[in-house]
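Okay, so here's just one chain, in structure tokens, the form predicted on its own.
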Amino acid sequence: MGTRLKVLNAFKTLHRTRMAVFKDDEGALLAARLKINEEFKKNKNETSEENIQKMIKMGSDVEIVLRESVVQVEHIGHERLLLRPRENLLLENVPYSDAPRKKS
């Protein structure tokens, strides 16, 4: 795959991830869109193949962090928050405990 297609693929993947991660949050959607577009426009005249590959790798790493680490939280009153995890973040249903588990 050509470098131009790899860059375009990274750009599209970041925007798709942004749409999934910040769903229903217009402010975060707009901020993420502006930041993604700004970074790609800032580097659009880059000609060094090595630097372009590094930037593609960084974009891929950012996409992974967004997809796997970011959750939405909404204030729903005084001292109350509503957590809206995405389906792929719900891996197991183990209750939280401060005490360490006893080995059996």
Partner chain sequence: MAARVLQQCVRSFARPSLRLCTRNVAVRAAAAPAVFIHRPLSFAAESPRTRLFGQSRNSVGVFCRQYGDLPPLTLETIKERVMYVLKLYDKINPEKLQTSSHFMKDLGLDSLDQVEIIMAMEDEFGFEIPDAEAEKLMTPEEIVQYIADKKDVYE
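On a predicted model such as this, the values are computed, not experimentally measured, just so you know. Numbering follows the first chain given and starts at 1.
One more form of this protein exists, namely the form predicted together with the partner chain; it is left out here, but the text below deals with it.
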Notebook entry, point to check: Which of K23, R84, R80, K12 has a heavy atom within 4.5 Å of the partner chain in the predicted bound form?
Noted result: K12
Note to self: So, M19 and the partner chain: in the predicted bound form, are they within 4.5 Å at any heavy atom pair?
What the structure shows: yes
Note to self: Using a 4.5 angstroms cut-off on non-hydrogen atoms, would R67 count as touching the partner chain in the predicted bound form?
What the structure shows: no
Note to self: So in the predicted bound form, is the partner chain close enough to S48 to count as touching (4.5 Å, heavy atoms)?
What the structure shows: no
Margin query: Whether N37 contacts the partner chain in the predicted bound form should be assessed with a 4.5 Å heavy atom distance threshold; does it?
Written below: yes
Check: Does any residue in 24-60 get within 4.5 Å of the partner chain in the predicted bound form, counting heavy atoms only, and if so which ones?
Finding: R33, N37, F40, K41, K44
